[in-house]
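Quick heads-up: it's one chain on its own, the form predicted alone, in structure tokens.
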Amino acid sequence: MSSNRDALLKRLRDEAVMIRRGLWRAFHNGGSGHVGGSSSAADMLSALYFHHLRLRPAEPDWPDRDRFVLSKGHANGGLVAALARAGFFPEDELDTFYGFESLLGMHPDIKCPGVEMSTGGLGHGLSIGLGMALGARLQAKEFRTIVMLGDGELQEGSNWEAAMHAAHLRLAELTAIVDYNKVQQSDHVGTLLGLEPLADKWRAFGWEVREIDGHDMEQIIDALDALPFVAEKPSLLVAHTVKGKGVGFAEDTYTWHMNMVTDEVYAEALAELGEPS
């Protein structure tokens, strides 16, 4: 492995730690938040915002920027922590999370720099991303569109309508990432309404699919660098993750899908996360 790749991986892993610290900071100041799904996505958000996406934080409306839609909008704590680290707004803004007239709500809002779409009503992000990707094609633009989906969200039928349409249009400009942490608001996904065989379902809809460990930074950047996986097909990345990753008491449990973040809980979370190496 080259020294440049070693340095990249270390930087991305360090940024993932800072994103997790940032989301806990935001939820502590907001009093509560969707810890589980924000934390499971943190490694992928690091790779997206500090390696893959072509963006200009000082010019958030740059026409040729790549588009990222967080369809699982309840994970906005992770998104805004990444946006702050990337320079879209000062990190101190995290202290206003969920406050009156704050840029940073419990779900993404397009008034926040770097947010492409207000989301949170689950099941709609992929349709929005499809429209963005089709817009790029119609305008002969080269920007890419990536949509991050939750696994429980895939119980919404609108996702499968969008999946069918994207494959029909052969939208190689569109990528979807499933944050497959296997836990939703009330229990494990497999208990409430199982998704398996998930990868094969997407293949049957006409997508090119890869599966990775969504916490292994090498696997994440290798997959992102390979996009689109094939010509004339949309790409689907199934990222196997752990709900609440990084803080033991919040991992793999629906009780930390959303919960209160007291001073004591916050201190314990930061102690477990530590500082970047």
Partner chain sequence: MRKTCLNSVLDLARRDARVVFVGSDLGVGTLDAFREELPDRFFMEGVAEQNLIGVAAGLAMEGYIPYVNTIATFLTRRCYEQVAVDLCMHRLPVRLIANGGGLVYAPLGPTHMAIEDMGIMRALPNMTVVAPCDAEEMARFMESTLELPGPCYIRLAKGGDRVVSEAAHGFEIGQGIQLRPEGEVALVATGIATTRALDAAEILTAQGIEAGVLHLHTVKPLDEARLLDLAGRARAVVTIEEHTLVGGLGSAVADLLVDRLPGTAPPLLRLGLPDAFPANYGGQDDLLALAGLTPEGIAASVGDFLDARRAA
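Residue numbers count along the first chain shown, from 1. Nothing here was measured: the structure is a model prediction, and the numbers come from that model.
Another form exists, predicted together with the partner chain; not displayed. Remarks below refer to it.
Asker: Each of Q219, D222 and P228 having a non-hydrogen atom within 4.5 Å of the partner chain in the predicted complex: is that the case here?
Answerer: Heavy-atom distance to the partner chain in the predicted complex: none of the three under 4.5 Å.
Asker: What stretch, of 154-162, 200-208, 187-195, 83-91, brings heavy atoms to within 4.5 Å of the partner chain in the predicted complex?
Answerer: Comparing against the partner chain in the predicted complex, the contact stretch is 154-162.
Asker: Does H124 reach the partner chain in the predicted complex if we count a contact as any heavy atom within 4.5 Å?
Answerer: Close contact exists here: in the predicted complex, H124 approaches the partner chain to within 4.5 Å, heavy atoms only.
Asker: Answer for G135 alone: is it within 4.5 Å of the partner chain in the predicted complex, judged on heavy atom distances?
Answerer: Yes, G135 is a contact residue.
Asker: Tell me, yes or no, whether E116 is in contact with the partner chain in the predicted complex, where a contact means a heavy atom of each within 4.5 Å.
Answerer: So E116 counts as contacting the partner chain.
Asker: Whether A172 contacts the partner chain in the predicted complex should be assessed with a 4.5 Å heavy atom distance threshold; does it?
Answerer: It does not: once the partner chain is placed as it appears in the predicted complex, A172 has no heavy atom within 4.5 Å of it.
Asker: Heavy atom within 4.5 Å of the partner chain in the predicted complex: which of R67, H28, H34, K245?
Answerer: Spelling it out, the residue with a heavy atom inside the cut-off is R67.
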